[in-house]
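Here we start with a single chain on its own, the form predicted alone, put down as structure tokens.
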């Protein structure tokens, strides 16, 4: 890919781009997806998945991804190595490692598979929400991390005041419901869906109604739709729902669901997050 072609890429594809260099893949952090410390975790998880998706030996489509964030990633270049650890007739297990300065900064495991036609059902109920177009976008609000501008986020419920001047009372719940799509709009695929699973502000922010240091330690995404269903989604917004379960000893967990506007559950995720007072 030449320099002109790379410059024409969508900002998300630029941020997750990996190029072959001597048996490893070379990547570069993007200032557009900067977070409080280092890059936005969703774009790093997506980069790890891209190493699998673009691998010439990949079998089938992504079913699961677990990304573990071992250390803050500094601005600049990094290397990624993806390896198929085991391949069967229909499934494949992957290990992925991101290094920077000779040190491991993130690891991942992924499962891809050739899906079969089977019976299907969804136990989760599709959340009721007003249309995305009638809600205010968060991307122009001051005081939010830079990566927020890479998404069109429309909050239904469960937000926080940006940079509050005093400590408000705690909320009764850490639940958030919002609409989301890439900004500028981009057709949905597995890599962008993995990143979207991390667009929620930390549950401790919502529960306590104030910002404090927090960072995802481990994040798992389960994909419930194939490439054709994601392609049919196009550039439309997705309804994203998240809640925390338990806050204790400096860590909390978060579960999330990502839905199509028609009520198709596209992905679920679970993550554990480190937080400070």
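Predicted, not measured: the structure shown is a model, and the values here were computed from it. Positions refer to the first chain, counted from 1.
Form predicted together with another copy of the chain: not shown, discussed below.
Note on contacts: among 233, 35, 30, 68, the single residue with a heavy atom within 4.5 Å of another copy of the chain in the predicted complex is 68. Interface membership of residue 181, defined by any non-hydrogen atom within 4.5 Å of another copy of the chain in the predicted complex, is ruled out.
The closest heavy atom approach of residue 186 to another copy of the chain in the predicted complex falls outside 4.5 Å. The shortest heavy atom separation between residue 113 and another copy of the chain in the predicted complex is within 4.5 Å. Under a 4.5 angstroms non-hydrogen atom cutoff, another copy of the chain in the predicted complex has residue 105 among its neighbouring residues. From the list 233-241, 22-30, 248-256, 41-49, the contact stretch for another copy of the chain in the predicted complex under a 4.5 Å heavy atom rule is 248-256.
Three-residue candidate spot 17, 152 and 176; no residue lies within 4.5 angstroms of another copy of the chain in the predicted complex by any non-hydrogen atom. Residues of 251-277 placing a heavy atom within 4.5 Å of another copy of the chain in the predicted complex, in sequence order: 251, 253, 255, 257, 264, 265, 268, 270, 271, 272, 274, 275, 276, 277.
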